[in-house]
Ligand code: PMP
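First comes one chain, alone, set out as structure tokens in the form predicted on its own.
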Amino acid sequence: MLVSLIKQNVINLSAYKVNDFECKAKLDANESPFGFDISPEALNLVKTNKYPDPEARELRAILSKMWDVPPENILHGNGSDELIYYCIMATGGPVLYPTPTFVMYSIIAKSLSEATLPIALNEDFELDTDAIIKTIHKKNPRIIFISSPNNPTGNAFAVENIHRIIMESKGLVVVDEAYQSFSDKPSFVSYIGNYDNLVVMKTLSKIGFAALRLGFVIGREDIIKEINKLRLPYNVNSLSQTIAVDLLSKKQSELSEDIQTIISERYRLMERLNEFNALRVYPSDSNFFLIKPLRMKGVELYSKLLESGVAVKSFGAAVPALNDCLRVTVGTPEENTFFLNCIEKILNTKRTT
């Protein structure tokens, strides 16, 4: 009887499922393989009986220097997911996004009973800009999400295509830069002053702070002020704020080194995998990349890797554009070498010269 009280759009949803495997190389969640120890001094600053700073002032001050924007242009949240909620709640729908892309754009829009306008990427996983602009003119979406580099395809979209979409849209355009640290494409933060309708999402999750769940929206002060009206009080806890401030103040050089190591390891992995006749390796600007086995089903390779101690992300037929593709997160050098050795044993094929 109680289920009858639940709204139909919620009943129609599927919960976001996270697999948790015990394995030697966990390469399925786009996490950084490098983390940081928390100093006792930072923990001693946290008083459990006091509410956190509701404005995250100290954290936003540090990030304003990192991203070269005033603190007033930054809004904080529990990962990007919370901020996607706020952005869609602020504008309403229709909500336009390319597909395949980060699934939470769709899930959150549908949970809020907003219409969605998914537009398929082309065969090279690039934006179908003409189709998007045609839909903009016809459907007038109130908000557009563009993840660049895109999860799960890994590639950064052509900058000029994103500019075209922003200029053609009358709605808010959110450029999600969760993986921008691993790309040589420029950040759209520098273009915020050029457009009335652009905001940029950032996260610390992919560079070693996933446990803290810290996401941010950067935009014009007037837009941030309006979205901030929807932010729940004390939304980011004291532990996350304090630890992030401590680490960002002390570990910038280590962060940069870790990011460069991940990029170097991505190149090493992809070059090695490209030597196999039985694999297709897709280009990537992220801390992960896609592969597609050519002589077996993707789900078969996924299962064999898992049996060998390697967890990757399998899409199967659930995402038709990625049928048989596997997403591989770049791990530590040791994890990556273990993964390569497992692949070679499974494929049991000679590499091309």
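Don't overthink the numbering: it's just position in the shown sequence, from 1. Note that this is a predicted model, so its numbers are computed, not measured.
Keep in mind that the form predicted together with the ligand is missing from the display, and what follows is about it.
The stretch among 74-82, 263-271, 114-122, 244-252 whose residues place heavy atoms within 4.5 Å of the ligand in the predicted bound form is 74-82. Against the ligand in the predicted bound form, the set 147, 151 and 205 is in full contact: each member has a heavy atom within 4.5 Å. Think of it this way: in the predicted bound form, the ligand has a heavy atom of just one of 97, 276, 86, 179 within 4.5 Å, and the residue is 179. Residue-level contacts in the predicted bound form: of 139, 220, 213, 163, one residue has a heavy atom within 4.5 Å of the ligand, and it is 213. The shortest heavy atom separation between residue 105 and the ligand in the predicted bound form is within 4.5 Å. Although the ligand is not shown here, in the predicted bound form the stretch 274-295 places no heavy atom of any residue within 4.5 Å of it.
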